[in-house]
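The form predicted alone is given below as one chain in structure tokens.
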């Protein structure tokens, strides 16, 4: 009998498996994340981290098992769920021939925001790109693209924000901006972040998950984590190689 999602949970995963041919990128993964939490996901390359986030954001269907976000099944209620989540990934999901403002207005209209122009101006200011709002995105640096991508993901004030290596390629100033934004909105969102940076991931998280070969090696509350023991577990996990 399928388990009913609990309304105090942001994420509920049960026996989740995702296969590509004979290879299982995720293999019987289970965990629960409460609303308002910040989950940092660690693991070696090929561990299944991005596959997990893609399933939770409705970009991939499970091969087996179930997953729900905010009580919405990621397969049968995918359309509803997409309006309640945001994703920051390696791909900025922006149109290079449009200006920064045009990009955000396009997505704001897709989400049906009541006052898109005000919301877009507000976010461009938050990510310190208001002075470049009329410049085409193809002229932006990697750090500027990532900052605009963050603004795009926050447009509709998602309940859960997924971040796939959000600090990758950012200059120190852009890191400070992202840190400030996360601190500013932390109380209003649940976060799920993939990170290879143990220090940053542990600094931000309320829960930590280590994946290897598609399986959960460790899932704990941050307050229960012994940092040195966690580092040893992580190093041993990375040493096992990829799936």
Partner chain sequence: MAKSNSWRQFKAILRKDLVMELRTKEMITSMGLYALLTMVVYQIALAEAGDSFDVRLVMPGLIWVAFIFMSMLGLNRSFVHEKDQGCIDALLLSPVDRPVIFFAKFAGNLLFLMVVELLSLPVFSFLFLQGRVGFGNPVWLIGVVLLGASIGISGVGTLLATMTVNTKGKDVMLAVLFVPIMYPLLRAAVGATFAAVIGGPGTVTTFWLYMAWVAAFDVIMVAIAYALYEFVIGV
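Remember, it's a predicted structure, so these values are computed and weren't measured experimentally. Residue numbers count along the first chain shown, from 1.
Missing here is the form predicted together with its partner chain; even so, the following discussion is about that form.
Q.
By the heavy atom within 4.5 Å rule, which residue out of 200, 35, 186, 54 makes contact with its partner chain in the model of the complex?
A. In short, 54.
Q. Of 204, 218, 70, 60, which residue is found within 4.5 angstroms of its partner chain in the model of the complex when only non-hydrogen atoms are counted?
A. Answer to the contact question: 60.
(Q) Given that its partner chain is not shown alongside this chain, does residue 91 nevertheless sit within 4.5 Å of it in the model of the complex, heavy atom to heavy atom? (A) Heavy-atom contact with its partner chain at 4.5 Å: present for residue 91.
**Q.** Contact test in the model of the complex: residue 107 vs its partner chain, heavy atoms, 4.5 Å
**A.** Judged by the heavy-atom cut-off of 4.5 Å, residue 107 is in contact with its partner chain in the model of the complex.
Q: Decide whether residue 96 counts as a contact residue for its partner chain in the model of the complex under a heavy atom distance cut-off of 4.5 Å.
A: Output for residue 96 is yes: heavy atoms within 4.5 Å of its partner chain.
Q: May I ask you to state whether residue 112 is within 4.5 Å of its partner chain in the model of the complex, using heavy atom distances?
A: Contact check for residue 112: yes, within 4.5 Å of its partner chain in the model of the complex.
Q) Does the trio 83, 87 and 116 actually contact its partner chain in the model of the complex, every residue with a heavy atom within 4.5 Å? A) Result yes, every residue of the spot touches its partner chain.
Q.
Just to make sure I understand: among 207-237, which residues lie within 4.5 Å of its partner chain in the model of the complex, judging by heavy atoms?
A. None of them.
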